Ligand code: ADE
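A lone chain, given as structure tokens: the form predicted on its own.
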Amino acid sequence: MSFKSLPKIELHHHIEGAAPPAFVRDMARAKGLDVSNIFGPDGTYQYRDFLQFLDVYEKATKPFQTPDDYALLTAVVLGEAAEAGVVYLESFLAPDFCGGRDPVAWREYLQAIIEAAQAAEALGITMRGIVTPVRHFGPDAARETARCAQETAGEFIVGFGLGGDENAFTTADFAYAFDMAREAGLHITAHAGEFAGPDAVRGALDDLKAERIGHGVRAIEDPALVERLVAEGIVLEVCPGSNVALGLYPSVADHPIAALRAAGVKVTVSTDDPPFFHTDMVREYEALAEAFGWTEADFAALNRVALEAAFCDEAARARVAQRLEGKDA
């Protein structure tokens, strides 16, 4: 069964993390930067564990130094996503990497990203942005990021998230930044329950008032938390290929996505940082079909969950719904 032509929604995706290695090398060469230490002999990103992955990720952002660089990055990334059948993509955007959290510079970077995203609509893909502090940069930096988010909330910037090292600081340390974002009308998501356990998911729900959880798969270890996720309708942005590549589970067959779904938890499927994990949305679907026997009907159901959970406005949701039905929009 080929899943390439099946329309897909992706809710958990990092814009820099989707940069193809060759693209990063070319950008670095053009700027006289040496980033060779982040690649393995085969030319792909190389890291030992999650913390080194974060270090390699940050080094891979170094060649992207101007709004034009981010416009080109966005065009490349959306082109690859559209090729894999993605019709709607929410991507995490970090002002830390786009102008150093300076509100004026952030607006310039964001405008370049928006223009590239608008051009990519011709490919049948719609993008929206989720402004995201980097957790291990600390709560003060997160407040600066929240200010950037407040000032640019609107049709394109629809959410506020939290990425980075899940074990850095406490979730409550970021509550003020999330209150700022919520006051601006932004939807809330947060990485939790990946390299920290079920209590991290509770923290995201209680301290940050998250509507969705990035990953969240460690919730399976706590039946009471699973029941809470079901009762509150919390959506998990699950990235099976990422979790396996980073050693959280030995294989997709061992991944808890099917058990969470069977328990009634709302789950979606995303790639996270596709070239880092040697994946794309087609490969994610193929791996899940092989591991759990999921069919096109299962993936259509997952996409309906993702459509309902998307942070976009209703006009965009209606356009994406048409695409899921195979209609032009």
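What you see is a predicted model, and the numbers here were worked out from it, not measured in a lab. All residue numbers refer to positions in the sequence shown, first residue = 1.
This next part talks about the form predicted in complex with the named molecule, which is not shown.
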- line: Answer key: of 163, 85, 99, 159, within 4.5 Å of the named molecule in the model of the complex (heavy atoms) is 163
- prompt: Since exactly one of 253, 220, 180, 246 fits, which has a heavy atom within 4.5 Å of the named molecule in the model of the complex?
  reply: 246
task: Could you confirm whether residue 299 comes within 4.5 Å of the named molecule in the model of the complex, counting heavy atoms only?
output: no
- prompt: Is residue 57 one of the residues lying within 4.5 Å of the named molecule in the model of the complex, judged by heavy atom distances?
  reply: yes
message: Quick check on residue 70: any heavy atom within 4.5 Å of the named molecule in the model of the complex?
response: no
query: Do residue 215 and the named molecule share at least one heavy atom pair within 4.5 Å in the model of the complex?
result: yes
query: So which of 61-69, 266-274, 281-289, 27-35 is the stretch with heavy atoms within 4.5 Å of the named molecule in the model of the complex?
result: 266-274
query: Using a 4.5 Å cut-off on heavy atoms, which residues of 178-217 contact the named molecule in the model of the complex?
result: 191, 194, 215
